[in-house]
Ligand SMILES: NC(=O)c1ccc[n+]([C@@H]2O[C@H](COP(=O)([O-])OP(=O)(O)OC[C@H]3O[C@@H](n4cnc5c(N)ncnc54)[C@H](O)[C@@H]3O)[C@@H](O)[C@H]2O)c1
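The data below hold one chain only, encoded as structure tokens and taken in the form predicted on its own.
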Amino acid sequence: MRWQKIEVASSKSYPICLGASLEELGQYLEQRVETNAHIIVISNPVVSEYYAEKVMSGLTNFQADQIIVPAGEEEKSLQRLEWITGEALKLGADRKTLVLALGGGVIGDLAGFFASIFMRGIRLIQIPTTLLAQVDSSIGGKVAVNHPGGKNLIGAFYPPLAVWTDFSTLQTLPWKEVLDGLAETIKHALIADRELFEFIQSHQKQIIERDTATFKEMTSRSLMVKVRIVSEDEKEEGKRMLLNFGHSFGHALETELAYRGITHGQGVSIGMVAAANLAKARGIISSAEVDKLINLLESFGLPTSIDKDKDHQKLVTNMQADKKNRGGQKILILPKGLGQAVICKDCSDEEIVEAWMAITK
């Protein structure tokens, strides 16, 4: 096996296997789980059509079944979770069953949360097939479903046995989904790696053309930002909050739109610009640096503004459901120049409204 292994430190440490082929996963599992173990692959129709056969081809020594979930953020619900539980029981799932979450962030969250609560927790491996999942959502053990009151409000910290990352899955990814991952990658660069920000700036053409070497370099550097941070702060009690840069604003917008008409990456992109404007008003980032962020996002086609018909006060209200908040006080992540960020615990609603207004067009 020719792939790179990066260890994530947590209450239950696990490896990220980078550049590992989907077909090799069965061989890896044969060395780590019991013979004839029951495996359930949870995926959506599109990903399953492309990649399930490759995964299943390596699982001939196991009892392997599939559960196919419709695509879409709205599937991250308690209703869908209940349905998956029923399907798993029909397949004979028990406490020794191993779940393979094959897909992007929605599948990783949904299948992961199912694994965390089914019979009080069964084994899980994340197989991220999108850029967003490979650089962000599959790392750190967060799993969840949504609630009408906010995104990812019902969830857990549940480290997988491993994260199995096959970069070749990015070749079939629609550009819209590539953009979701680019938004998270730019987020990582802005909060912790100025050199990565500059790398993305100088390799825009190669990224748009999906140059393999460029993508591998960018993806590896991006996910390493998350690995470093979550290894220091597994339960989001301090530094890990930095990874939510752009998310407080973005999640509020996603909630307002009921997760329709906007992707997670688009929400994060808009959220980063809103947070950057708040930081500019506070004097911790320059106008020139905010312009660099906006120009980079727009160069890839990511949104940086909201329509003038949006109710700013309603968006502020939506932000009250953010999981970072403490004692009723909104906690925001603000960029401190390019490559650093700070946790802000004293942002007023007036400042937040002004930040929304600054990106309204």
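Keep in mind it's a predicted model, so treat the numbers as computed, not measured. One-based numbering along the sequence shown.
Same protein, other form: the form predicted together with the ligand, not shown, and the subject of what follows.
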Practice item. Determine whether any heavy atom of residue 76 comes within 4.5 Å of a heavy atom of the ligand in the model of the complex, and answer yes or no. Key: yes
Point to revise | Non-hydrogen atom contact residue 297 with the ligand in the model of the complex at 4.5 angstroms | key: no
Exercise for review: Classify residue 136 as contacting or not contacting the ligand in the model of the complex by the rule of any non-hydrogen atom within 4.5 angstroms, answering yes or no.
Suggested key: yes
Check your understanding: Using heavy atoms and a 4.5 Å limit, would one call residue 160 a contact residue for the ligand in the model of the complex?
Key -> no
Check your understanding: For the chain shown here without its partner, which stretch in 277-285, 137-145, 211-219, 194-202 has non-hydrogen atoms within 4.5 angstroms of the ligand in the model of the complex?
Key -> 137-145
Review point. Among the candidate residues 244, 255, 169, 116, which is the single one with a non-hydrogen atom no more than 4.5 Å from the ligand in the model of the complex?
Key: 169
Review point. Considering only 81-105, what residues come within 4.5 Å of the ligand in the model of the complex, judged by heavy atoms?
Key: 104, 105
